[in-house]
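The chain below stands alone, shown as structure tokens; this is the form predicted alone.
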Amino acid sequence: MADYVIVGGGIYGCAIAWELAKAGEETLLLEAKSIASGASGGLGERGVRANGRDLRELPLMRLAYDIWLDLHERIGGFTGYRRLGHLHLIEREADLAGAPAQVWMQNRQGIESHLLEAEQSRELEPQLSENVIGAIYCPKDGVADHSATTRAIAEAAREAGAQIIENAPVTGLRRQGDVIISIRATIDGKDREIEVGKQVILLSNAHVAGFVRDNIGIELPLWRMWPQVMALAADIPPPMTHLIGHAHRTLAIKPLPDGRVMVSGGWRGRWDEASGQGEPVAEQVEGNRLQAAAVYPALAELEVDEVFTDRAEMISVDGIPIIDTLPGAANMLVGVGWSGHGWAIAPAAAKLMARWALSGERPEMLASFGYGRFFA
């Protein structure tokens, strides 16, 4: 038995386990594979970015900025967090027309933002294409090592008293009325039933939709995809120093500490039934590479060093996460649909979700992420 049973050993599961354990709560985290084996791990780094985010996420990002600064000290482990600054590049006059409004909105939300002209953009990034006519600049944006951060938080949770069991897939649940009283999991090759004292927190991102459908009878407006991440073999230093996004291109670029250039931004792999995992698609790899080279011509001749499409992610129909309890499971808090939106806000959102679990009251900052938003 555990008072709080957390399902999923990604950044959210580990961070909430840490918060609950610090509060003295009996906490059990179950991970189907290993910590950071899903979307919270893998190649390169993840952006800690406010620039261009959904308005509903900016209050969380404002809070997360401060948490990221000393997170490594509080967990006693490496995060790789670096404030590089983010440039949201603009090549079209139509996109430039709306940029002042975005800058205004982000500044009103406490996100320091500046509209740069072409010359100012190239002062920060000299190797930019001449087609770039401006950029929105957020100096507090940056990156973190997602694999290292997630594992370090997991270790901090253990040290605080949380029990973490890996290779323990959750297979079902048992309810009395609308209260979950136990969770079924496979542990050490044996079926186990674990009593739930207070609450289940369901955070296994790629697993949530099917689990909720099969056990609660609720369809969530989500779909699964396999995002593509690649590294180009660049010289040290790489040709950019900032985190790079784009107003109309499907593109994100990060300079990695090892000198390579990480290129992503929305290109996808496909599911391979034979191997049971996502696999790269040649056209998607080449398309992403060409988009990067169009913005940074110096990337045109670089070889693709690695490509991964093996970590499934979930996207909600309106693009932001679902964080809520669901009908028929009053003591189960669900967080899902993080793809492209979850990493940067994780320390803030996890802290608030833990507060919700402890108090029973939804924090105001999480109100916009409720399941009820999909209903008239």
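Residues carry their position along the shown sequence, with the first being 1. A quick note: this is a predicted structure, and the numbers were derived from the prediction, not measured.
Another form, the form predicted together with a small molecule, is not on view; read the next lines as being about it.
Contact with the small molecule in the predicted bound form, judged by any heavy atom within 4.5 Å, is made by just one of I111, V170, V285, A234: V170. Contact with the small molecule in the predicted bound form, defined as a heavy atom within 4.5 Å, holds for exactly one of K351, R56, H341, R62, namely H341. Residues with any non-hydrogen atom within 4.5 angstroms of the small molecule in the predicted bound form fall in just one of 88-96, 116-124, 162-170, 216-224: 162-170. The closest heavy atom approach of P347 to the small molecule in the predicted bound form falls outside 4.5 Å.
Contact check for G47: a non-hydrogen atom falls within 4.5 Å of the small molecule in the predicted bound form.
Taking the partner from elsewhere, N205 is found to have a heavy atom lying within 4.5 Å of the small molecule in the predicted bound form. Looking at D324, you'd find every heavy atom of it more than 4.5 angstroms from the small molecule in the predicted bound form.
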